[in-house]
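Two forms, one protein chain; structure tokens for each follow separately as structure 1 and structure 2.
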Structure 1
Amino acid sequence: MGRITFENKVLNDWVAEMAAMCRPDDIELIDGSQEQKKTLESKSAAMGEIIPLNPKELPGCFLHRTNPNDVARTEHLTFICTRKQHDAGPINNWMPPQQAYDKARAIFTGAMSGRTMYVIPFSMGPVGSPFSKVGVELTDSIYVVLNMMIMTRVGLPVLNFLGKNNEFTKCLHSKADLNIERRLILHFPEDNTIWSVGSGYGGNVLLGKKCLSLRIASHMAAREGWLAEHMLIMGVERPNGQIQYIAAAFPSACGKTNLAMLVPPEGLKRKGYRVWTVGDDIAWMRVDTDGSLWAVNPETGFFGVAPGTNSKTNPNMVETIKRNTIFTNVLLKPDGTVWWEGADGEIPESGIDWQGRPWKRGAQDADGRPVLGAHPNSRFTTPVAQCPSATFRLEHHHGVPISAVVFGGRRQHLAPLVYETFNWRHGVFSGATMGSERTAAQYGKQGEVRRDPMAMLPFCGYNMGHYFRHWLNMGKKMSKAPRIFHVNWFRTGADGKFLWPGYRENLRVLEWILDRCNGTVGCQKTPIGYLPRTKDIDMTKLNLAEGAIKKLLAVNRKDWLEELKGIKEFFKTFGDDLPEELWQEYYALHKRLTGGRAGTGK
């Protein structure tokens, strides 16, 4: 076995210990150089792990197919391993640390034999920024290495920054045998450690992303007094040149990437709007000396949903993924380019589907259902810097100031297009009670409404009751707290079709949100919050169906009272850990909905 020595003793000992367990044939340090990247691409291609795509049409691009049993995060195999179960809370899967290490050790033992172990030093956030955290991932997958090179800052500058003393998150990953029975995604927040085994998919294995930047970081953030959130960050440049920033939390596959890089619609473009993309998935936010909330995107890449991406829905992304991009689980066309459902152009006549099988247009399975060319959760990994709307502030160590926090879910009914909450506490309530219909980003029944507080249900690394308390406390630390809003792009009419055109037209809603922050637009007061009146949203060139806006802005008291029943059950699961303030918000909302009658006891 090859040996490398590291100046940092903790790192050195840990790599040696993990190698002794996993028994790789070789160990290689990822230095972040282009030469090493090229060599790894060739090696991975020779192994059949990645397929080089048409170099003329898609230079520097590759296709990867995961095991068909390994196409999304596996939440039921994801654990928070704290000494006390109470610290993981009622929502997370929990395992005692010793049991978790033992279980995983049995799978990791010898799992890398015949393979190379890659050592990836990475920084989440600009190297050396006060926001940033260093991690080191050990992995036996070149696919993971190549993805990490896009998604994070990797290599020698990070190692140099780490030096001899600094803390880092110990991240261990092995594909092992990709057996779902032997798959575990384990977080040890008390040891600053992540162990992931038996998967090769996205959020399960790119350990800087959901595992470090959300589960481990949320735990750190609660201790250190900041926020680690599942949020996009975007800047909206106004006609006068002023840029205001929005951080928005929507559950997985509910529109963060699309919103983060939208192109203004015709009506608003003429006013001179422009959008700047800071991030599409994760926001780390701190209170700065000016009393407002500042945010960075700790990542350097997008791991975006492919289906539905086209030059109408997301022209900036179409531009971004033309080079240096890794496509996962999409259709391969005979000309060496790729396709997915809802891509630009004609549906190809034939190709190789995401499972590597020959595919023909219109193909149906034995039950007469269409055979998809791309998996619904197929994705691309691509550098933020290639995005035409990428902000010039990507490397700024202090990030961007946030004017508005936006929560949103995927709800066919109930939630109106947008509302503003009355204050920070009510805003935290609206985030804590978010509900959303399940999508292809998770295993489980699609379409079922589940509570997904702040879009953090699968990502909060500690007791969620304590997390709500932390949110309430953060509000008290700010003299210029952002206002909190709630949006829903997914309300449907009687025909089951979306009432709101969504995508770029969402800027019309953001305009109202920012105008509210600036105190320059009106609203109507309803029991659930402030809603725009029809005249408050710019509809130039929108051509909405007759009556649609009324339906989009309707607040149905009966439906909300029904919703409160589910919220009550959800809140009860937290017992005494649920901050009393959120019960007070619950009763206040109940009272507003019933026109004065207070709700009954817990």
Structure 2
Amino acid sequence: MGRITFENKVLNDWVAEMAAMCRPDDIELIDGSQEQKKTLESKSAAMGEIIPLNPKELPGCFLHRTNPNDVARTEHLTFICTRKQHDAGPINNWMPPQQAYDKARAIFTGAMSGRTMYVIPFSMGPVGSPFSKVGVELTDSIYVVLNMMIMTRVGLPVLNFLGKNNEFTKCLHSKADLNIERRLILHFPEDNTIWSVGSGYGGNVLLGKKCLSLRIASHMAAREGWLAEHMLIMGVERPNGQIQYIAAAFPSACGKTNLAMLVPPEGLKRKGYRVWTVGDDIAWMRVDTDGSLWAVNPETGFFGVAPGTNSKTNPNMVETIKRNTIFTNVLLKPDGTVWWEGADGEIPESGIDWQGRPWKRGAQDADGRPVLGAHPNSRFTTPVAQCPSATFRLEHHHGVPISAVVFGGRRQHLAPLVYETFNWRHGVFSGATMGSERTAAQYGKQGEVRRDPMAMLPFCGYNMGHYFRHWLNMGKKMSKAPRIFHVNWFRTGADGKFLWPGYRENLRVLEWILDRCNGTVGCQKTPIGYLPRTKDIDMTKLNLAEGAIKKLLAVNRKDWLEELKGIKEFFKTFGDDLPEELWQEYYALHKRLTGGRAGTGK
């Protein structure tokens, strides 16, 4: 087995220890060079791990297929490993650190035999920025290496910046045998360590992504006094050149990526707006010396869901993925290009499906159900810098100032199109109680509300009751805190159809949000917050059904009182860890909804 010597003794000893356990045939340092990248692409293609796509139509692009049992994040196999179970909280799966290390060590032992261990130094955030964190991932997967080179800043500049500093996240990954019975994704926040074994799927193995950027980073952030959030960051530029930035959190299937790179609608083009994409998934935010909240996107790539991505839903993403992109679990067309359900153009007559099987248009299984060409969670990994709306501040060490924080969910009848919360504390209550209703396509009772506070339920690396407390404390640190809003693009009419067209038309709502931040537009006060008046949203060239805007902005007190019952049960989950301030917000809302009558006890 080869050996690499590092200047950093802690790094040197750790790599040697992990190699002794995993027993790779060779060790290779990822230096971040294009020459090494090309060599690894060729090697991976020769192994059949990736398939080069049509170089004329999709230059620099590849297709990868995962094991059919390995197509998404495996939440039930994902653990927070703290010495005290209480520190992980009631939401996370917990395992004692020693037990977790022992279980994983049994799987890792010899797992890289016959393979190369790749050492990937990476930086989440611009190298050297006060926002940023350094990690080193050890992996036996070239697919992981190539994806990390898209998603993070990788190579010698990171290693040089680390120098002899011992502060880095130790990330160990092996595909092992891809046996779901021997799959674990383990987070050790007290050790700044992540171990992932038995998976090859991006969300489980690109350890800079959810594992470091959210689960480990949220723990760091609580300790160090900043925020690591599952949020997009976007800038809205006005004709006078002023750019204001928004951070927004949405549960899955609520259009986060589409909003992050929104194209202004025809009706607002006369106003000359331009949208800048900072990031579509993760925001690291700190209070600066000016008393404001500033944010960076710690990533350099998008790990997007392919199905439904087309020129209507997200034209900027369609442009972004035309080169230097890795597609995972999509359909391979005979011409060497790819397709997925909801893509532009005609449905192909035939191709090779995401499992490598011949596929024909209209194919059905034995039960008469359509056979999909692409997996519903098929993905693409692509550089942010290729996006037509990518911000010029991607590498800005200071980040961007946040004017508004936006929370959202998918609610058919309850939440209005948009409302502004009364203050920071009320805004935290709004984020802590957000959620979406299950659709017919999701497991569980249709219409049941799935709470997903701040869209962080699967990603908070510590006790979520303490997380809410941290959010409240962050508000006290700021002299110029962002205003907090809630949006709902998914309200439906009596016919079950959406009242709001969504997509690029959402800029009309963002315009009101930023005008509220600037104090240039009015509102109406309601029990749940400040809502636009019907005249406050620019409806130019938007032909909504008659009365739709009034329905979109309606607040039904009876429905909200019913909602409070679900909120109470959810809050009880956290016991004494739930901050008293959130119970106070709960009772204040009840009082506003009932015209002054006090609510019942906890």
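Please note that residue numbering is based on structure 1, beginning with 1 at the start of its sequence. In this text, the rigid core denotes the largest set of C-alpha atoms whose superposition between the two forms falls within 1.5 Å. Keep in mind that what you see is a predicted model, and the values were worked out from it rather than measured.
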Next item on the list: Mind telling me which structure is the form predicted in complex with ligand SPV?
Entry: 1
Next item on the list: Look at residue 546 and decide if its Cα position differs by 2 Å or more between structure 1 and structure 2 after superposing on the rigid core.
Entry: yes
Margin query: Using the rigid core as the reference frame, would you say residue 329 shifts its C-alpha by 2 Å or more between structure 1 and structure 2?
Written below: no
Notebook entry, point to check: Core-aligned, does residue 76 move its Cα 2 Å or more between structure 1 and structure 2?
Noted result: no
Notebook entry, point to check: Core overlaid, residue 411 C-alpha shift between structure 1 and structure 2, how many Å?
Noted result: 2.4
